[in-house]
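Single chain ahead, written as structure tokens, the form predicted alone.
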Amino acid sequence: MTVKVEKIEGGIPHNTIMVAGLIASVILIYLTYANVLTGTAYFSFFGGLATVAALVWGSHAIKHLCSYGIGTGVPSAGMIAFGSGVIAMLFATKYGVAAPIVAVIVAAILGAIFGYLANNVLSMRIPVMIISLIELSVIGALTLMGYAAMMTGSFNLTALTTGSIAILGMSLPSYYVSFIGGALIATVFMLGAIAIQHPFNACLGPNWTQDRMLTLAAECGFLSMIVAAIMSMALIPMGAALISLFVAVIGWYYTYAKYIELSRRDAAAWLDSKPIPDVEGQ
């Protein structure tokens, strides 16, 4: 038996955030397809924005799930989101332009299976477990696909597995200089998993407010996007990578400043104290 220990009073309903996050993420990933139409990589930054939208939705999905008294399961929820999401994302990449939709469908199926096992085999009996794991699996798949699209300029399997290396003035294909072959997928896996877990962990408590948590989620998303943009310099033209980096830095600065403003609003007091000095020999 589980008991819902808290609920959201006012604010944006979870279902609204879910629908908005899903639609925004899918549309933004599809906007990176403009790279194919124009023969450039300048639209890759839309993939990064897709990850931010998915992570904002994801932070609220974790809040929705963990409001049933499983706060210590936040890391597990984040990891299962990206563990199932990476399977769906990689499976979907071979379907070309339909990849984002296929990823959503496959991730939803995986999430439903994991949710059923959690509730009926592990006997967790959380009322929203199945729907929450469906959401988190889809979020994981879309986040990883967004990173892939931003860092490679595309979301198809060929772009993710094949790069190029210059030898004696000739450009030769190389598996090792790629999103998957270069293990960049492992790095963005952790970037996304940490970013989706942190906002609720940082903001939970008696003074929890929805807008502050969602703002922190966006800030974490843009901070991760900065790292991904820097890594993308190895895979796409420098100009396109710099556009992604510029967008990420602007987004991070705005959301960070907003988060500090909301933290000051919600704090009982704001004291600018100095760090406790270290005492030698202690």
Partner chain sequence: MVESIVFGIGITALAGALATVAGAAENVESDIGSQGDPNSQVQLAPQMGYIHRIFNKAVAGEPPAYGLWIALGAGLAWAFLAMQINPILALVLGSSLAVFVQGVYATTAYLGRTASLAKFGQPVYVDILKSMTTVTMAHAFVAIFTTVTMCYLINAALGHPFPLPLLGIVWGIALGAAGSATGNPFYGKERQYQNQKYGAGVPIAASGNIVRFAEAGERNSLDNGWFSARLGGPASGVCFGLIVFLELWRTVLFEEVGSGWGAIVMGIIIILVFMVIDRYIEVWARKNYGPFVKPEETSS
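Remember, it's a predicted structure, so these values are computed and weren't measured experimentally. Residue numbers count along the first chain shown, from 1.
There is another form of the same protein, the form predicted in complex with the partner chain; it is not shown, and what comes next is about it.
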property	result
In the predicted bound form, the one of 233, 34, 27, 250 near the partner chain [non-hydrogen atom within 4.5 angstroms]	233
Stretch in contact in the predicted bound form with the partner chain, which is absent here, among 205 to 213, 130 to 138, 153 to 161, 80 to 88 (heavy atoms within 4.5 Å)	205 to 213
Contact of residue 187 with the partner chain in the predicted bound form (heavy atom, 4.5 Å)	yes
4.5 Å heavy atom contact, residue 53 to the partner chain in the predicted bound form	no
Partner contact for residue 243 in the predicted bound form: the partner chain, 4.5 angstroms, heavy atom	no
Residue contact check: residue 191 to the partner chain in the predicted bound form, 4.5 Å heavy atom	yes
Site check 16, 19 and 67: each within 4.5 Å of the partner chain in the predicted bound form by heavy atom	no
Residues in 237 to 263 with any heavy atom within 4.5 Å of the partner chain in the predicted bound form	238, 252, 256, 259, 260, 263
